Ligand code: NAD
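First, one chain by itself in C-alpha cells, the form predicted on its own.
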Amino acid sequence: MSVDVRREVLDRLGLGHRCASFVGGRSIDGEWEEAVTDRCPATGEALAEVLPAGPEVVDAAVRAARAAQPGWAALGVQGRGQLLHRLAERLAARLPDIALLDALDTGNPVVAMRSGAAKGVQAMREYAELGLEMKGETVPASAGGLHFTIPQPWGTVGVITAYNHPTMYLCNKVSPALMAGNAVVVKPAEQTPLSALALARLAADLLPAGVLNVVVGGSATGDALVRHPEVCRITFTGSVGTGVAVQRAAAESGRLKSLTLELGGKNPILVFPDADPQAAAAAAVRGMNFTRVQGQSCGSTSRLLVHRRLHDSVLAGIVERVARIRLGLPDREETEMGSLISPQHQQRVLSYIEGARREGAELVTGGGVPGGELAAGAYVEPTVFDRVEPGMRIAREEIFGPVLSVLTWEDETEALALANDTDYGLTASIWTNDLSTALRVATQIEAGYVWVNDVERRYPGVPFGGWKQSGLGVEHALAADILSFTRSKSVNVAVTL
C-alpha cells in the first residue's frame, strides 16, 4: 500500500499524522517526544504518531465528562436518541474510510472491517430507538402509598475496547452508555487507537463537549481510568489477564465500581456422529474466524471435538477449505485473511505452534509464515493440528491466533468432559440432528453462549457473556444493555387516603 493511501485516509478523517487524546471536544497535545509510532502490522509501515495519555489527561477527560453529563441526561431519551441517530448517519457516510483505517491499524481484511463497522452503525441505530424501554417498575408495597423505581445513569462510564473489531466494539459499548444518560471516556486498545479518535471528531460538533472523550495509550492509561474515583462503571473487552488487572485496580481504588468484563475463550465445537461431516467442516473453519480476524476472536471455536467415526471426513473437509483461504494485504478487496496485530503476537502464536510439535501433535496444514510481499508483516498461515491431547498447551490455553486443535471422542460423557475441561466458558457449538442430544448437551455445557448447528454469529438482542474465567456480565442484549448502564433508585410516596 502506498504512503499516499495512508495519509489520505487519515486526512479525510481529520486525524493527520499526529494523534493525541480527544477531551472536552478538542485534541489534547503534550510532549511529543513521548509519542509512540502506530504501525500497520501487515507491512510494518508507520501510520501515525500517537501521544499516550498520562494521569493528568485521564483526569481532564473524567472532569470533562462529569461537567457535561447532567446536561446530556437532561436531554431525555428522545433527545439523546435523535443525536445518536445523527451520529450513526455520519459514521455510515464515512464507512469506507473508517473500514480502511481499521484494516490498516489491525491488519484485518478491509472487507471484514467494513462489515464490522456496518454492524456497529446498525447497533448504534438500534440503541438510539430503545431509550423508552429504559423503564422502572411500581411495587404494591402498601395500601395507600406509591412505590416505584427509577433507572438513573451512573454518571461517567469508562469504556476499554479490544483491538480485533475497533469500530464495532466501540459502537456496541458507547451507544447504550450514552443512551442511558452517561458521559463516556473511551480507552481504545493501544494497538488500534485511530478509529476511536475519528469517531470522537465526527461527534465533536454534534454531541455536547465532554460527552464523548477518548484517551489513548497503553496499560498505564487504562489503569488511571479504572482507578479514577469518579468513574463508577467500567466495561472492558480483552484478555483474562488484563481483565483480572482491571478488577484488581478497581478494588485497589478504594471505590465500589460496577464492572462488565468480556474476556477470553478456549471454545469447543462438538460434532456428533449423526452430523453432516461437510457442514461440520465448514462450521469448524468459519468458527475459527480464520478469514475475519485471523483467529483473534474471543469467541473462536478453537477446539474441534469430533466423534471418532467422523474424524477423517471432517478433517479432510477442513484441510480442503483452509487451502482455499486467500492471504493478502489488508486494503485489498480480494484478501480473506490478513496479519496478526503485531510482530510480538506473531512470535507468540508461532511459539505455540512449535510447542505443539514438540508435545507430539500432528501438524496437518499451515504452521508457517508466508513469503513474498507478506514477509514483512505479522502473518501466520491458517494452522490445523490433529491428534491433540487434552493436556497439551494448545488444547488448554487461549492462543488468540489462527490455530485449530482437533480432538476425538467416543461417547457423549467423554465429549462433555472434554468440552468442560477448561478454565474458560464463553462459547460452544453443537452439531447434531438429534434435538434431544442438542438440548441435553446445551444445558450441561459450561459456556455462556451456545449454538446448535450454527457457529460464530451473534444475534441482536441475545445476551453474550462468559462463564468461569471468560467474563462477568453480558452484552449485546439491547434494552438490557442500556439498563446495565443505570442504577436503580426506589421512591416511596406516602399518600393520605
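The numbering used is simple: start at 1 and walk along the sequence shown. Remember, predicted model here, so these are calculated numbers, not experimental data.
Note that the form predicted together with the ligand isn't included here; everything after this is about it.
Enquirer: Are all three residues 56, 72 and 210 in contact with the ligand in the predicted complex, where contact means a non-hydrogen atom within 4.5 Å?
Expert: No, none of the three is in contact.
Enquirer: Between 160, 270, 112, 384, only one gets a heavy atom within 4.5 angstroms of the ligand in the predicted complex; which residue is that?
Expert: Going through each option in turn, the one that passes is 160.
Enquirer: Report the residue, out of 305, 226, 101, 199, that has at least one non-hydrogen atom within 4.5 angstroms of the ligand in the predicted complex.
Expert: The residue in contact is 226.
Enquirer: Does the ligand come within 4.5 Å of any heavy atom of residue 105 in the predicted complex?
Expert: Contact with the ligand, no.
Enquirer: So in the predicted complex, does residue 379 come within 4.5 Å of the ligand, heavy atom to heavy atom?
Expert: No, residue 379 sits far enough from the ligand in the predicted complex that none of its heavy atoms falls within 4.5 Å.
Enquirer: Mark residue 219 yes when one of its heavy atoms lies within 4.5 Å of a heavy atom of the ligand in the predicted complex, and no otherwise.
Expert: Contact check for residue 219: yes, within 4.5 Å of the ligand in the predicted complex.
Enquirer: Any chance residue 242 has a heavy atom within 4.5 Å of the ligand in the predicted complex?
Expert: Although the ligand is absent here, residue 242 would touch it in the predicted complex, with heavy atoms inside 4.5 Å.
Enquirer: For the chain seen here without its partner, which of 79-87, 187-195, 275-283, 413-421 has a heavy atom within 4.5 Å of the ligand in the predicted complex?
Expert: Heavy-atom contact with the partner occurs in 187-195.
Enquirer: Pull the contact list for 251-284: residues with a heavy atom within 4.5 Å of the ligand in the predicted complex, in sequence order.
Expert: 262, 263, 264, 265 sit within 4.5 Å of the partner.
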